[in-house]
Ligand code: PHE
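The chain below stands alone, shown as structure tokens; this is the form predicted alone.
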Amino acid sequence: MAREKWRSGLGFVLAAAGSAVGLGNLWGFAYRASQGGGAAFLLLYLLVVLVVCLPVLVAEMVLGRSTGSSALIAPEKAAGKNWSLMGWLFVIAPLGIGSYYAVLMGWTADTLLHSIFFGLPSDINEAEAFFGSISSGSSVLLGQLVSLFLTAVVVSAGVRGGIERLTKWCMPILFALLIILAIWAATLSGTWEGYRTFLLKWDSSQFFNPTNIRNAFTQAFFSLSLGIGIMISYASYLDRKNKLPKEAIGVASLDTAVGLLAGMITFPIVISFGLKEAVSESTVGALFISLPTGLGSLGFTGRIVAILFFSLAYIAAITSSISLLEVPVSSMMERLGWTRYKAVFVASSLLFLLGLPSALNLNILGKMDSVFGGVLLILGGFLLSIFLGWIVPSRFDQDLDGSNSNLRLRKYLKFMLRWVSPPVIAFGLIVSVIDLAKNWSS
């Protein structure tokens, strides 16, 4: 059976950007910036994206397009069976992330529906009681199941009829909601203080803080969906005319723009409603408890903002979740010869079962996020830089030569991929593992 192709280059860019844009941009950015001294975190994040992530993003796309294979098969097809374990990493990581991501999606959907039909909590105690109700018992399992079902419906419709069609509608809506909410946030009393505290505040010591370094790497890799096979899978549906460096820049630019726009929304809210301590302590608590309580104090206006914000969050979440599901689905189809419908059913069922511990225990969810949504992404990025930079560098050159990409840009990306990305990512990986182990043991 012929492999599907994207209908257009724009469809690919929007789908890839949709994967990159998720809950990590909308609230994780604010959470990590609040931990890392504002501007120091932002500068570290931008450096990691420009210096490290962009070459790796192109390399991951090259591996997918040049092999025309799923994330599981692509490394083996490019360099032999000795690299099959890397393919398994690219399947295990999105399964791990997707398992707890569906739980977060369920909480987001429940909060959105509650905002629409019942309004916002009147005080912090009511908010805590509501969050307790959606994060335990049958409610959390129902939210997880419904979110996985919606994701499965889109992925089962295929690349063009499902993923591309959804993202072409959702991404413009997402940006429109972001701009509307950013304009509204600019009218809050804490707007300038929020920008000053989180975006403009400079603390040079935070630039060398191990936790801040880990957060910058985690935010960059997670928000760009790097190192977990998503871009391999998506790029495998591309043809040779697409200029990957240009499209990688487009994806990274859209992702960074969403993160900054989200910051322009969340930072004023954090200051205006006195959520600074809550955000620093727990992104989950701030998003599902403190934020609804703060918006509730604004009456009808706050309710409308809450509906728009959680609609935005759910749209961002589902464009990410479909990419997480597509990785194991495409791998099962290619390795086992299954139909898309069968692969979607099995992968979705597996995600539901794997997500049960996270659905029933917040501590497990947090640890899953740290390992699968942090360390494994950075490890995957390191392996990709070694693989395309040193093991099969000719594949990188030949694929980009075939698409007539800018020669100077190609040379820059190749140099960074070989000589800069591996040591920098290795440093980030070592710091992340040590800091994570230290935090868990304390």
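Just so we're clear, the structure is a prediction, and the values are computed from it rather than from any experiment. When you see a residue number, it is the position in the sequence shown, counting from 1.
There is also a form predicted in complex with phenylalanine; it is not shown, and the following applies to it.
Of the listed positions (Y101, F90, Y234, F309), a single one reaches within 4.5 angstroms of phenylalanine by any non-hydrogen atom in the model of the complex, namely Y101.
Just one of L287, I265, L324, A71 comes within 4.5 Å of phenylalanine in the model of the complex, counting any heavy atom, and that one is L324.
Stretch-level contact analysis of 329 to 337, 128 to 136, 221 to 229, 359 to 367 against phenylalanine in the model of the complex, using heavy atoms and a 4.5 Å limit, identifies 221 to 229.
Remark: A216 does not count among the residues lining phenylalanine in the model of the complex, judged by a heavy atom distance of 4.5 Å or less.
The shortest heavy atom separation between L23 and phenylalanine in the model of the complex is within 4.5 Å. Residue contact with phenylalanine in the model of the complex: I97 places a heavy atom within 4.5 Å of it.
Contact annotation: Q144 falls outside 4.5 Å of phenylalanine in the model of the complex, judged by heavy atom distances.
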